[in-house]
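Given next, in structure tokens, is a single chain: the form predicted on its own.
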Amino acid sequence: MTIHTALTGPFPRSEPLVAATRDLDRARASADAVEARFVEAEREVVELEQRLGLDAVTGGYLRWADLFRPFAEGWRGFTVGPVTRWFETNTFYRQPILHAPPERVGSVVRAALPPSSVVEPSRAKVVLPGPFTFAGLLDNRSGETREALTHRFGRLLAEEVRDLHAAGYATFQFQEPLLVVAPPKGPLAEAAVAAYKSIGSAADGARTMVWTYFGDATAVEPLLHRLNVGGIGVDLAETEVDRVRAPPDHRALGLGCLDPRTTLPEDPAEVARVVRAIVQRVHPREVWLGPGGPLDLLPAEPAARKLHVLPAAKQLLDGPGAAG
């Protein structure tokens, strides 16, 4: 069994970067100056990821104001809507408003990723909204049903994956908190399966994973196991350890072992104990460890302290007496 570590979502912006973007909004800084600040901040996150030995790097997704913003601003059919609370957290996103069936306009994701000089595509993890969560959290004024939109977003995101994979990107993660917060049934569940069938076909050998958080994954486990992806991630702050099951067909198991809802860093020994108990019971071929949800729920310094837990726990798991 192989154990990997990585971020599972955006890293918080530093205070200098927040100040720079605020100055741009108030016409007190140039776009070129803020771009330079973004690149500097992305390099800092990459350096942290590499120093900690994480197996995929992200650059922190610092250019993404929220999970949906590149699409709401770049795809046809959308406008950017009001500030809306992000689940039961103290963070917010601007809810996309969909006025007509969505259409891609080029690769909006590629433009929102760090430049290849900062993050080499072959080592990068691309984090995207899951089609079910995307369709469920927007303000739908398009006339299309939620089932149709879920399926359509699967096809559109599959096109993004195909283009990015052709450009050298090989690891893709889809954020699906709504799958566990409000599990779909009937036609809506089938629409989610169809959406990931499109994504899986487009991935063509790339690593793919659905990451769930903010809810217990147990109730929706049969549906998660039907999704055409290479792995399933669960939030251990919400899913009981003894109820975690290995995905079928030798797929990877993601374990969200860092809780972004608290600034208190986890004990690496306790993380290793929990992971070892799961591994000894379900025998996954591959495990990915990371934050249960997006670390940008926290300020930058506490988030960095939590990330240091991952290599310490991995070292304990890889040491003498490791399971697997």
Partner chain sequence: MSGPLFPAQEIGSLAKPRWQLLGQRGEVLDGQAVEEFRLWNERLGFADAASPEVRALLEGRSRELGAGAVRDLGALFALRFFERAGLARVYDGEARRIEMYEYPIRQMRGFRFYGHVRSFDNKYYRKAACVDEVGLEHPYHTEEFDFVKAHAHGIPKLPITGPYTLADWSYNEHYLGRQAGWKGREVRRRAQREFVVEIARRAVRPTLQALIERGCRVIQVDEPAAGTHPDEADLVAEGFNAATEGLDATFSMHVCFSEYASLLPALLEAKRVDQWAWEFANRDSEERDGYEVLKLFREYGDTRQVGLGVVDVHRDEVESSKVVADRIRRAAKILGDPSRIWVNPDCGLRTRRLEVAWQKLGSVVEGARLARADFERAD
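A quick note: this is a predicted structure, and the numbers were derived from the prediction, not measured. Numbering follows the first chain given and starts at 1. Each form is matched to the other, and the largest set of C-alpha atoms that superpose within 1.5 Å is called the rigid core.
The next section is about a form of this same protein that is not shown, the form predicted in complex with the partner chain.
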Original post:
In terms of non-hydrogen atoms within 4.5 angstroms, which of the given stretches 229 to 237, 170 to 178, 186 to 194, 125 to 133 touches the partner chain in the model of the complex?
Top reply: 229 to 237
Original post:
Is the partner chain close enough to 65, 89 and 263 in the model of the complex that each of the three has a heavy atom within 4.5 Å of it?
Top reply: yes
Original post:
Heavy atom to heavy atom, is residue 312 within 4.5 Å of the partner chain in the model of the complex?
Top reply: no
Original post:
Using heavy atoms and a 4.5 Å limit, would one call residue 257 a contact residue for the partner chain in the model of the complex?
Top reply: yes
Original post:
So, in the model of the complex, is residue 76 in contact with the partner chain at a 4.5 angstroms heavy atom limit?
Top reply: no
Subject >> Heavy atom of residue 85 within 4.5 Å of the partner chain in the model of the complex >> reply: yes
**OP:** Would you kindly say which of 54, 298, 279, 46 lies with a heavy atom within 4.5 Å of the partner chain in the model of the complex?
**Re:** 298
Subject >> Among the candidates 216, 139, 120, 159, the residue which, in the model of the complex, approaches the partner chain to within 4.5 Å (heavy atoms) >> reply: 216
**OP:** At a 4.5 angstroms cut-off on non-hydrogen atoms, which residues of 262 to 281 are near the partner chain in the model of the complex? List them in order.
**Re:** 262, 263, 264, 270, 271, 273, 274
Original post:
Once you line up the core, how about residue 51: does its CA shift reach 2 Å between the shown form and the other one?
Top reply: no
**OP:** Answer yes if the Cα of residue 24 shifts by 2 angstroms or more between the shown form and the other one on a rigid-core superposition, and no otherwise.
**Re:** yes
